[in-house]
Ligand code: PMP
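One chain comes next, on its own, written out as structure tokens in the form predicted alone.
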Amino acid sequence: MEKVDMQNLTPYTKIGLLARTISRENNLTLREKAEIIFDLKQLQKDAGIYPYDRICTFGSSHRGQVSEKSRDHDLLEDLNATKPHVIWNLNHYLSLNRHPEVIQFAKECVDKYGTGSGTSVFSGGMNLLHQKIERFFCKLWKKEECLLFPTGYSANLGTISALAGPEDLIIIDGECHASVHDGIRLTRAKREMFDHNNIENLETILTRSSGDYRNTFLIVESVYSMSGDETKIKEICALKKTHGFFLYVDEAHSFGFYGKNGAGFCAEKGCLEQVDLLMTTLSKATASLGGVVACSKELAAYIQFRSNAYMFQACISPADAGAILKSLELLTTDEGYRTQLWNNTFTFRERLVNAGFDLKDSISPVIPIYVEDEIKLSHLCQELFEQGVFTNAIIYPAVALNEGRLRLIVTADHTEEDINRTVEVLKASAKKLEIL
């Protein structure tokens, strides 16, 4: 690891850096390592500077009461609630998690199918709701088969770990999600990271490694979750003609609000046919839980029999499946949800840029505000929370050291009042901290 000046890091960054450092310390037992991290976390909590134990007391929404997580299970109804907050942390882009039709259909599915699914696909856990979800994505993405996983995380981890082996090469964009990195670790394949969205660097790696590996896989996200940048999918697809790799695209932060009928970024750019494996989570635009991977029938069969995450996990619950199906129906038949989301996104971005904030190359409803000084970033996050705006500082290990940022996720339900209030609080706090 590169040498860093601990004095210039926030307490949030220090705890992540320390956790990774002591994990490799052979002179300490697990209990000793755990106690060090717990003590550091508690010191930060006692000082009021640890933001990651805050909860949306009454569930996910664009506004709500935000509380500190209680360790006293006898007092869960009295969670030291603060005043109401505008909430910018949640990935429910289309706000369908509060839609009355989604909620009602989820209830009906529980009445008809029960609560849990009971077991995995191979053991009989799948029902008609699950099958309808898979068929929906096959049709929408023009793929032969679709596999439904219990979460988006397990879809990435389970698929990637099943596909590649020690004699293969996996190339990824440096900003790919943790689930991608974890899946690669299980393969024992050679991993190469190209500079974020740098096609020239990617082509150099592909050329250098030509013929050295049994299979080459390229994994990118259509829209990157920490920066809001769109991948250069057309340029990447053009490289397939020369280099012949398998292309895997994670559409977690674009499905539902890019492309016709919300089919996603690859559909919008006309690249569906060139993508070998297309993945999305179902916890964002579809307001539920799960993940899907669509591909050829041959690759699907191989994944089914090679992926422990697919073979040995119970299927998602009927309520989750029902929420997904109703959300898919709404987002593909009513343009209003996408229109409102993008209107909110354009308005918020314009006002933040006019106020002088650095959003770099982001385009999507994921809006990062970059603050180079991590100490100021931590104070900015706390200032916002105290004034009723809830978001998190994104720091190492979620992003590289010294690339900290706030991340604000826009939804269709955010109002102009929410946007105006947040911009004013941001401006005042940033000026107070000499960020602007």
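Residues carry their position along the shown sequence, with the first being 1. In this text the structure is predicted, and so the values were computed from the model without any measurement.
There is another form of the same protein, the form predicted together with this ligand; it is not shown, and what comes next is about it.
- For the candidate set 120, 340, 283, 187, a heavy atom within 4.5 Å of this ligand in the model of the complex is found for exactly one residue, namely 283.
- This chain appears without its partner; in the model of the complex, the one residue of 307, 327, 179, 364 with a heavy atom within 4.5 Å of this ligand is 179.
- Heavy atoms of every residue among 153, 225 and 252 are located within 4.5 Å of this ligand in the model of the complex.
- Only one of 153-161, 189-197, 110-118, 258-266 places residue heavy atoms within 4.5 angstroms of this ligand in the model of the complex, namely 153-161.
- In the model of the complex, residue 221 approaches this ligand with a heavy atom inside 4.5 Å.
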